[in-house]
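So this first bit is one chain, no partners, the form predicted alone, shown in structure tokens.
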């Protein structure tokens, strides 16, 4: 038996998917995966660099892992993988001498051989190279974090180069998987009993495979909308996707959602700002009018589609008038959920050179004002669910009560309800009786849906 390995994951769904893929390859190579850093011979930190705070957290964690050594046990081998590894490269060894191994975002399939090089005595092993020809996306069901919900990457990387974002530098250019490969994976997951598939990527609707093979029978204005129809045609019970880029969001995506009930009623469409001046400085490639046209297509759908978004406050040069434009846009869009971030400078991005003109106190004030507005909108939307039924995939026992179960609706809302003998993995209707600030509560609707 080879060494035991623990992978700790930070950041987005793509990192979760990379961890699942890495664990699959390591187990195939004879390594044993363990659930704790304290019992591992090798600790790999799968890192996120989108926010400065996330990057600082990684280096604190390296220090904690280094201290796991004891008189009866040498410290584990420490590896840094993911976006921080790709961006920082050899400087990680200088900043943190405890690190033995640096693994870039495209080296996931080569981790076992890199570990062996360290164990054979090589110092400061690093791999930032591109994926090699013939490497395929392979994830064992045993390594997926849920037996009911599976992440399926369809596109990796980003070509958009927003001025604030590090992703194009850490993940590289957009590269789409073939439709045939994606559909085959979804069919395998369905056969294994998975109930919900998340098609994921930095910008899923930028999907552009080299070949249209597998998409020919499906109508649609874009390769992504045709892929949605192909995946829906597998009969998988619930299909979600994120994240969508506004400039590439074609109304035909809404048409696909209307045609296939198993395409879930949720769209995540990050706007980042409501000010055209700030959007131009962010290099988003759209203005507020462009964005609102896409929101109108979502809001006027024959289905009630849940809409969520991301917004950055305090971007360099953002004036009070710009922030008021953002507040107006949020009122107009009436988001079901909103992820709000205070701008933080990221080394290596174009915005790093901009003067960070908004004080930290002002960023906090704007954050809280936007949060208060969103909470009032969200509270009204959630109250509208009282008395309605929602379809819920039961995921686990609630952390707050042993008598309750929890899961997500098709519209991506957290729903808690009295367990009443239900089991994880079931899909059932819940009649909503209470609206909480960020979740819904109800009881299982035993009678059939009208």
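In this text, all values refer to a predicted model and were calculated from it rather than measured experimentally. Numbering follows the first chain given and starts at 1.
If you look for the form predicted in complex with a small molecule, you will not find it shown, but the lines that follow are about it.
Contact with the small molecule in the model of the complex, defined as any heavy atom within 4.5 Å, is confined among 141-149, 184-192, 309-317, 289-297 to 309-317. By the criterion of a heavy atom within 4.5 Å, residue 50 is counted among the residues contacting the small molecule in the model of the complex.
Contact between residue 343 and the small molecule in the model of the complex is found at the 4.5 Å heavy atom cutoff. Heavy atoms of residue 165 reach within 4.5 Å of the small molecule in the model of the complex, making it an interface residue.
Within 4.5 Å of some heavy atom of the small molecule in the model of the complex lies at least one heavy atom of residue 272.
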